[in-house]
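Just one chain follows, in the form predicted alone, and it is written as structure tokens.
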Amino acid sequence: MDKSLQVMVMYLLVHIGLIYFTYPMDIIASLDVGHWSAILLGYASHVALIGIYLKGLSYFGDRSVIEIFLGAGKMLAVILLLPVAIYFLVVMTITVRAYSEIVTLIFLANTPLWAIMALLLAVTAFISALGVEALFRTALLVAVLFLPVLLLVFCLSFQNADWRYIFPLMDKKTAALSFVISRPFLLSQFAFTGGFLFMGFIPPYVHYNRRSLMWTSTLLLPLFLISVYVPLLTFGESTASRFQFPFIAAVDTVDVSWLMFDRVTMFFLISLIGFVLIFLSLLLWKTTLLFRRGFSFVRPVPAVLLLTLVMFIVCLQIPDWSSIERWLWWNSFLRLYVVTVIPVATLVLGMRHVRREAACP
């Protein structure tokens, strides 16, 4: 049964959950003017990597990347997939710790950090343990509940926009693309590269149309532009660059008297936390899949519980936001390796597979 709609929804949710916290801060820190160029460059790289990845997967029908790499040899599979498993674990740890800090800063100031982390991990483990089909159905339900709310917040977020702040559109630094090697720009790529690898893990369980995913990726571009330009248009570049979470600060300025909550920010954050839980559950499911390939005697639920316990212990060892930022920076190198090597390796193995099929039909 074709489940392209569920896969498209999952693709959107996991990226929306990552866009609106650190991404605007990093892009605004990358450039003084012409922020659109950094957004477009990151987006173009994202689309190119997805295109390569999906093209490689298309050569193998319903086989997952795990089966594809194992088919090329166990040693090659270990070399390619071990960094992926480590990357997933690090991303989950950073995300749980970072979002717990954000929740504490914004609306649960008196709740202990460990309790928020435990709650996020418990929900994540529960959804992941139900299996991939339940995970995709949950994503569909979360989308139905929260996407309309999010669209309303996006519309309201332009309430205090001053469109004169959109100028100037370019300077020498923007034209020369000198920001590409800057630390903030490299950190911002987390929002583009954090979620699309799941497309290679689900083929045996969830069938989807790969071409429809490419069209769905176009919906992300306006969301990335909104995340950066709403704070720029609300505060101006010099003021927006001082905020830790510029988009949330811009949404906090919206004044709507007819809402049941005092602040639109509450609507917004509750929606994003729902999306982040889906993202974490998907990551945990993929990590469990990789873990059980190496330790096949471990049953799925104990594997989920073991990985969750390890992440909780590691999260407790991260003391503050500065440490989270260091983890994000160190993880940038592993992320660049994983999100470029896996799509390219899939494409190369796919082309080799086709040549072999042609030689020995």
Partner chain sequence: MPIMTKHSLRHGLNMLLMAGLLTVLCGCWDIKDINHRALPIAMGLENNDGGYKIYLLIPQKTQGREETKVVTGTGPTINDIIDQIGKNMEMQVDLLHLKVVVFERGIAERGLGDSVSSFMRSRFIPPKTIVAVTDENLEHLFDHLKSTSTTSGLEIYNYFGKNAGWSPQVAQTRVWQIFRSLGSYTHDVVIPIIKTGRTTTLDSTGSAVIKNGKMVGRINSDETLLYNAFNGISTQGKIEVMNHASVMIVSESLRHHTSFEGKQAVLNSRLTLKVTILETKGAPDAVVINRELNELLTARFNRMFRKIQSEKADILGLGQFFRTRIPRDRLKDWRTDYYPGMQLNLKVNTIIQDDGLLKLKA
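Please read these numbers as outputs of a predicted model, since none were measured by experiment. Numbering follows the first chain given and starts at 1.
Below, we refer to the form predicted in complex with the partner chain, which is not included among the displayed structures.
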{"property": "Option from 88 to 96, 214 to 222, 197 to 205, 164 to 172 whose residues, in the predicted complex, bring a heavy atom within 4.5 Å of the partner chain", "result": "164 to 172"}
{"property": "Non-hydrogen atom within 4.5 angstroms of the partner chain in the predicted complex for each of C315, W321 and L328", "result": "no"}
{"property": "Of F179, F291, F190, F235, the one that lies within 4.5 Å of the partner chain in the predicted complex (heavy atoms)", "result": "F235"}
{"property": "Contact of E101 with the partner chain in the predicted complex (heavy atom, 4.5 Å)", "result": "no"}
{"property": "W114, heavy atom within 4.5 angstroms of the partner chain in the predicted complex", "result": "yes"}
{"property": "The partner chain contact at I79 in the predicted complex, heavy atom, 4.5 Å", "result": "no"}
{"property": "Contact flag, L152 vs the partner chain in the predicted complex, heavy atom cut 4.5 Å", "result": "no"}
{"property": "Interface residues of 264 to 289 toward the partner chain, as seen in the predicted complex [heavy atoms, 4.5 Å]", "result": "M266"}
